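Listed next as structure tokens is one chain, alone, in the form predicted on its own.
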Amino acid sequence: MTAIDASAGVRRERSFGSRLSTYIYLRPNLLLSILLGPPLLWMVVVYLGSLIALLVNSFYSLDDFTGLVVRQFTLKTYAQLLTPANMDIVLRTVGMAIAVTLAAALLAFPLAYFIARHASPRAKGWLYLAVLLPLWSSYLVRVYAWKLILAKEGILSWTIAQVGLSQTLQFLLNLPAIGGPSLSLSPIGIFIVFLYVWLPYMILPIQAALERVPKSLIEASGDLGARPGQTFRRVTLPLAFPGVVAGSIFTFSLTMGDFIVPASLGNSSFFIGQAVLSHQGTSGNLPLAAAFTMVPIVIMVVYLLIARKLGAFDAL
């Protein structure tokens, strides 16, 4: 009798599971809600919630006498962003992001073109490995390794001295906008490290976009009498340009928000990430830190809207 009851219970459990699976299967919207509900809830609460909290705090102000946050709506904090010192920080950060993005595109395109069009399958695998290998190591390790390479007694300065270009290097370091005591303490060094760190994020989208360019179009262009340079300018480059824009999304946004590279290799001139860290940590000016955070967010929203119109998301 006990065995019969156990068998009946198993049948009931199986029938309940079968009914439940059938119920969910017949309601695709319910299944979609079950699958997407937890991650969407996490995105709304944690990610968007934190951004909304930053936005709200940016409309508060800091009492100059007590140093406490005054939780009243005001545009006083945003007015502080328009001061010359803070505008210099914003322009310096945006300028570096633009410079790194343009340089990364110029360096990445030839390599991506070779990988997509000329490399054999075996060579393509090795080149993929070479591009991705730096990403396997710690970000901090790579930054501090470059700090040693760019130091005044580092291997790069020694190599430049050996080839007789010390005067040229010193001339660059004496320039007011990009120079400094050494490469490891100058905007030039920051630019070099940013370019090294973010270059793989430019190579891969461009290579993916070039892979999508039909060879038949290139052959048709040649059949119609176009020279290789004309084919590249009028066929290959326009079709691969969304990949360049897609890669620029990564290089531009990552450079805008980074504070480790400027803190490790820069001088006393702040970038936005350093300003946010300083205001929310050392000085305790959370409203101004939140207002600074809104600057790259607004810039990236505009940038993404432009990139979407240029078809960049199709190349991701």
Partner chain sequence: MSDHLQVAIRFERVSRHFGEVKAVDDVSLDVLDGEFFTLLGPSGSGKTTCLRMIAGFERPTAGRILLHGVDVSHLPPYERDVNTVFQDYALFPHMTVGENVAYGLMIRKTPKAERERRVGEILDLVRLTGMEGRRPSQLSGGQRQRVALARALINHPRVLLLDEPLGALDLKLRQQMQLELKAIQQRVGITFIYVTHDQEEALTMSDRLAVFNHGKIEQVGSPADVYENPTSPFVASFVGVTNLVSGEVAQAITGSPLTFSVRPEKIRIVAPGTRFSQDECAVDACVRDVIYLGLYTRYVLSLDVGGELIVVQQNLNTTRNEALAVRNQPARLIWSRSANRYLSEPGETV
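These numbers were taken from a predicted model, which means no experiment stands behind them. Residue numbers count along the first chain shown, from 1.
Not pictured, yet referred to below: the form predicted in complex with the partner chain.
Open item on the list: To test your reading of this chain, name the stretch in 99-107, 177-185, 86-94, 238-246 whose heavy atoms come within 4.5 Å of the partner chain in the model of the complex.
Closed with: Flagged stretch: 238-246.
- [ ] May I ask you to choose, among R227, H118, R71, R122, the residue with a heavy atom within 4.5 Å of the partner chain in the model of the complex?
- [x] None of the others qualify; the residue that does is R227.
Open item on the list: Can you work out which of T168, Q162, S216, S137 has a heavy atom no more than 4.5 Å from the partner chain in the model of the complex?
Closed with: Here the answer is residue option S216.
Open item on the list: Considering non-hydrogen atoms and a 4.5 Å limit, does the partner chain approach D223 in the model of the complex?
Closed with: Answer yes; at least one heavy atom of D223 falls within 4.5 Å of the partner chain in the model of the complex.
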